[in-house]
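Here we start with a single chain on its own, the form predicted alone, put down as structure tokens.
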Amino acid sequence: MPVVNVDPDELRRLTGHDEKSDEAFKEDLFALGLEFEGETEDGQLQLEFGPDRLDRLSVEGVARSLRYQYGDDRGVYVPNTNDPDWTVVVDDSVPDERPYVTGAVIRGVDLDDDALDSLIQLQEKLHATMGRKRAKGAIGIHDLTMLKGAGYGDDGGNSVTYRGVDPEGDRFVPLDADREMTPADVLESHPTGETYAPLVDEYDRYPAIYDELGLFSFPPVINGRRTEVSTDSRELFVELTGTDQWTIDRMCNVICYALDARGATVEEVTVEYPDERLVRPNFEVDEKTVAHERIEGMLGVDLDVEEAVDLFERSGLDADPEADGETVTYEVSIPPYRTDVLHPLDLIDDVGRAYGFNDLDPSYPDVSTVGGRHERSVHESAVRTSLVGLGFEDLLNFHMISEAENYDRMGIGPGTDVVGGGAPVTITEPYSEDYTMLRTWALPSLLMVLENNTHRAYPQDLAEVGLAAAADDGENTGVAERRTVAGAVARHDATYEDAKSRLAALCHDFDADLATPATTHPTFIDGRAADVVIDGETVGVIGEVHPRVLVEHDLELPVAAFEFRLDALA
């Protein structure tokens, strides 16, 4: 989950609530779904939140949400914009892999150290989330006064050109460098270039943005030093390039709203494609419809229309009620910085937060049956209890994972006939590159936990009972789901026998017969791996994790592990 550092003094200033203590802010932010994770060395609050609310990736966005929650601001706010003076001309030479561009000009911004730090953090957090580590969208922010625009149009406007450049073509001085370099030089010898080289190194021509003086931006890798932004900058040129116009337009909106909150003026930019002209930023307001009855039914409260409209407005939305007999529906206007509202339920969630989830009264449903735990849940609980009794820490990890974590770092390939090698169930439009598929087995999740806890004391014995899934055309849904049991023993003397003794004790608790004939598996050491055979059926694998996998996870101690299907213990 994204974690954002927020200066509480900045939060007080931007919300206009100097009387609020840090503790009061923590409570108010928790009501909005932002959890306090700790403090930095300089006293900034570390806030974790769901990756859907990308408008809260900066102190400006967090302050905006609080002002709505306090009732200080109401309804949809759209910044006023000046008419465009700058044009981004898209040349035919732009690489087909990264054809889209958008942007804005920012006038009159006051960038003190806090504001500049917030802007940089927002840029990097957007890169990491919606931009998918710059693969889908990348942001460049420049000091406008250092650009020399080419003349464009009859009105004497300025222009820059988005075009392709040969890898060994025009030179420029990138950020954090003191000499001119070609784009190929940047990818080979600049630290930032080396990090993002995989995004463009297979292109025949690299993306680049030029003004009258030459190349000043090499997206998605690095900006030129000539246009570097500092606290002295008062006018900015914001450009975004990517693989999808909608994505970079929404990223641009989030940045523009953050700078508007600092008192800046947003100026439009014309984007001139060979066959189309756009004016950006795109501040069009979206609309969705939700029924009053559905809001009450979902939240379990009775609301009159005026109260519902008030809650919408305190969520930063506008709502126009329309009555058809006794049925009331709302045409809800959604501001352009909100990228998360995809369904009426998202609107109901906003209404619930404005009402206060802690103020909702729990009630029993109006049915004649009495609820109870499902047999599967009871069985899982029994397995977890046995694992804890055997010395394991019980974990609950995300069911979603990346393909690199699930396959590559474990030494297996998708669609292979080994435990964990099932075909991936992928997400078409994931929010993050860290969560692109449903995991096919749970052991990668355990190794990721071990990787993130190398600073903790050993031994570390971890176990999880959870979901695993693989694509299967034989299923009606196209997905075969199963519950899986995984355990890992990490210590200086961990061996196959340590894992097997735990597994044997677990099977004994459930009167199951265990056999472990030798096998091979890419994740485990040859000669130190076996099939898990329970009651005559092969249901999993056990062994000592291969040194190659340990090194991949920065683990310096041996690990022995097992994984098998939960239903084998039924």
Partner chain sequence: MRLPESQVAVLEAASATEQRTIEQVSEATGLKPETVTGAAFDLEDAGLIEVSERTDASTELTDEGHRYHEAELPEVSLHRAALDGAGGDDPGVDIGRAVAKSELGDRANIALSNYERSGYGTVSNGVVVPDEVDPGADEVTAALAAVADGDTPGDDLLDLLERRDLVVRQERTVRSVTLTDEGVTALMEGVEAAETVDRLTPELLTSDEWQDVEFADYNVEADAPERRGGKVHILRQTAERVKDTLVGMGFREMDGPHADSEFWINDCLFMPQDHPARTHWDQFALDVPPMGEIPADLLDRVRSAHLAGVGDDGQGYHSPWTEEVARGVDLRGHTTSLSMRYLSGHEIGDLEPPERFFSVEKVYRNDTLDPTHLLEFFQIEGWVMAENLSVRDLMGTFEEFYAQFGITDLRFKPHYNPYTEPSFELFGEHPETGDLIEIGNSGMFREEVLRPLGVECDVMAWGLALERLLMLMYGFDDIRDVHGTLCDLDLLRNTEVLH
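As the structure is a prediction and not an experimental result, all values here were calculated from the model. Numbering follows the first chain given and starts at 1. C-alpha atoms forming the largest set that superposes within 1.5 Å between two forms make up the rigid core.
What comes next is about the form predicted together with the partner chain, which does not appear here.
So which stretch, 200-208, 447-455, 104-112, 73-81, is the one near the partner chain in the predicted bound form (non-hydrogen atoms, 4.5 Å)?
Flagged stretch: 447-455.
My question is simply whether His399 lines the interface with the partner chain in the predicted bound form - judged by any non-hydrogen atom within 4.5 Å.
Yes, His399 sits close enough to the partner chain in the predicted bound form that at least one of its heavy atoms falls within 4.5 Å.
Asp52 versus the partner chain, in the predicted bound form: is there a non-hydrogen atom within 4.5 Å?
Asp52 belongs to the contact set for the partner chain.
Could you tell me if Tyr431 has a non-hydrogen atom within 4.5 Å of the partner chain in the predicted bound form?
Looking in the predicted bound form, residue contacts with the partner chain include Tyr431, since a heavy atom lies within 4.5 Å.
Would Phe30 show up as a contact with the partner chain in the predicted bound form if we use heavy atoms at 4.5 Å?
Because a heavy atom of Phe30 falls inside 4.5 Å of the partner chain in the predicted bound form, the answer is yes.
If the cut-off is 4.5 angstroms on heavy atoms, which of these, Arg179, Arg373, His492, Arg277, is the one near the partner chain in the predicted bound form?
Of the listed residues, the single hit is Arg373.
Among the candidate residues Asp535, Asp526, Glu39, Glu35, which is the single one with a non-hydrogen atom no more than 4.5 Å from the partner chain in the predicted bound form?
Spelling it out, the residue with a heavy atom inside the cut-off is Glu35.
For 405-442: residues with a non-hydrogen atom within 4.5 angstroms of the partner chain in the predicted bound form?
Residues within 4.5 Å: Val425, Thr426, Ile427, Thr428, Tyr431, Tyr435, Leu438.
My question is whether Arg98 is one of the residues whose C-alpha shifts by 2 Å or more between the shown form and the other one, given a fit on the rigid core.
No; that C-alpha moves by less than 2 Å between the shown form and the other one.
Is there a C-alpha shift of 2 Å or more at Leu557 between the shown form and the other one once the rigid core is superposed?
Yes, because once the rigid core is superposed, the C-alpha of Leu557 moves 2 Å or more between the shown form and the other one.
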